[in-house]
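First, one chain by itself: the form predicted alone, in structure tokens.
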């Protein structure tokens, strides 16, 4: 049996995992993920009980109970690179024996729902809409560092995407990963649109925002908005869903992202007072997770 070296799985002196500073017993099987560390307290304010609270860098965690369900809420910060840290450490907490540094014989599956904010790309997802990423398009490259990604990717969708977008960014190949179907069925209803979400690897240029630097493909957003594959259009931009869906699928966990649309990228409008709308989405996820 492989023993995982100290350099690969870093365990702090108190027995917690390196970045999150969580111990295995502090993690629930149901996990709500949010970007903003302050939003963790907002989610946990609905809990009936709280058993632990841990903060380290941008990673803020509270575990407690909501209507009899034990839930952990964790902040992951911004970007797919942070998701790589959080997913690997959550999986380690669930499935690696820290005392022996070996994989546990019985796999523990986590249910992970990311609640975030997003920019809408279609008229049918105006500001205030809730959109679940039934499929995520990764403009990052995180999952390419792991083996056997073909088994979790939608290769036909990727081919159509690169053809219709006339993809011009050399050295970067977008990938497409579906969310866990059973979790999409569990969380979404008539109040949540099932969409196709782009996870960009930046907020400005990668999402078509032009300030002082010119864009490599100034027409990319227009092509994204016009994209249609088997009746599916791209609904929104955010920055984490692809690596969450991809890594979770490779690991065997159930995961999805659902976002509140706070910006209309086509109409160029923005709701900076979106916290009320996001609170409604948090309540919905807590009820259904």
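These figures come from a predicted structure and were not determined experimentally. Positions refer to the first chain, counted from 1.
There is also a form predicted together with a small molecule; it is not shown, and the following applies to it.
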Indicate whether the small molecule has at least one heavy atom within 4.5 Å of a heavy atom of residue 78 in the predicted bound form. yes
Hey, in the predicted bound form, does residue 64 get a heavy atom within 4.5 angstroms of the small molecule? no
Can any non-hydrogen atom of residue 115 be found within 4.5 angstroms of the small molecule in the predicted bound form? yes
Is the gap between residue 39 and the small molecule in the predicted bound form 4.5 Å or less for some heavy atom pair? yes
Partner absent here, but in the predicted bound form, which of 237-245, 24-32, 44-52, 224-232 has residues with a heavy atom within 4.5 Å of the small molecule? 237-245
